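Below sits a lone chain in structure tokens, taken as the form predicted alone.
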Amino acid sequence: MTDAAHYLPEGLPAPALAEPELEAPYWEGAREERLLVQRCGACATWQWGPEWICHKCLSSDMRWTEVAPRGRIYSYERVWHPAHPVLKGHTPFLAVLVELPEAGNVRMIGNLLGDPLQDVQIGSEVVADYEHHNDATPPYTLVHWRIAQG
């Protein structure tokens, strides 16, 4: 996706990182069009969202691992009410919960690209689509999802 083809309108603020040191690897990976998920170095459990410790074994050996940018729709919601003033007039849009089979079935939230009124099938295969906001300060990249073809 190019800068000229943003799914979301211009003017959205850059994502505010609650814990920049913890979350930065995910956002840096997205800038490079790589999907990164945490995996425990002690017990190999996949985990999302970013945490300092493993939820299974409590190890602090959490590592960022690149995974295939493919998943399947676990759930979705058609959003009709803007959550930010910039989104006024840009609804509906589709928020999807995507399960990543190659990463222990962790689930990530994102937008489903395409017609916001399209029929959405639970279990549909999706691929990541990276939307770069190079003019923002600081530049950032959003990970959206698109129905996989074939």
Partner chain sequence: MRGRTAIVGIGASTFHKRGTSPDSEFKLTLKAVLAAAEDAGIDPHKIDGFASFNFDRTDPSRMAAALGIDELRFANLFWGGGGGGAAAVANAAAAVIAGLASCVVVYRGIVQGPDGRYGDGRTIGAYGRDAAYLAPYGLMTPIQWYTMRVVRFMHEHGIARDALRAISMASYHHAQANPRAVMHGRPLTEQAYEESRWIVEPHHLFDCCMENDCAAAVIVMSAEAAKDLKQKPAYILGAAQGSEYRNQARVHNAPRYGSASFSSVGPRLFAEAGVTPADVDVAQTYENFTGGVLMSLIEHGFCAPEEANDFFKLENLIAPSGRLPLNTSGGNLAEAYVHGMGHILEGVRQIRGTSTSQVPGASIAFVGSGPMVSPVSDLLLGNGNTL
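Predicted model only: the values in this text are computed from it and were never measured. Positions refer to the first chain, counted from 1.
One more form of this protein, predicted in complex with the partner chain, exists but is not displayed; see below.
Residue (of R107, H90, R63, R31) lying close to the partner chain in the model of the complex, criterion heavy atoms within 4.5 Å: Spelling it out, the residue with a heavy atom inside the cut-off is R107.
Heavy atom of I122 within 4.5 Å of the partner chain in the model of the complex: Flag for I122 set to yes.
Any non-hydrogen atom of P50 within 4.5 angstroms of the partner chain in the model of the complex: Judged by the heavy-atom cut-off of 4.5 Å, P50 is in contact with the partner chain in the model of the complex.
is_contact(V96, the partner chain) in the model of the complex, heavy atom dist at most 4.5 Å: Yes, contact at 4.5 Å.
4.5 angstroms heavy atom contact with the partner chain in the model of the complex for L12: Because a heavy atom of L12 falls inside 4.5 Å of the partner chain in the model of the complex, the answer is yes.
Heavy atom within 4.5 Å of the partner chain in the model of the complex - qualifying residues of 132 to 146: L142, V143, H144, in sequence order.
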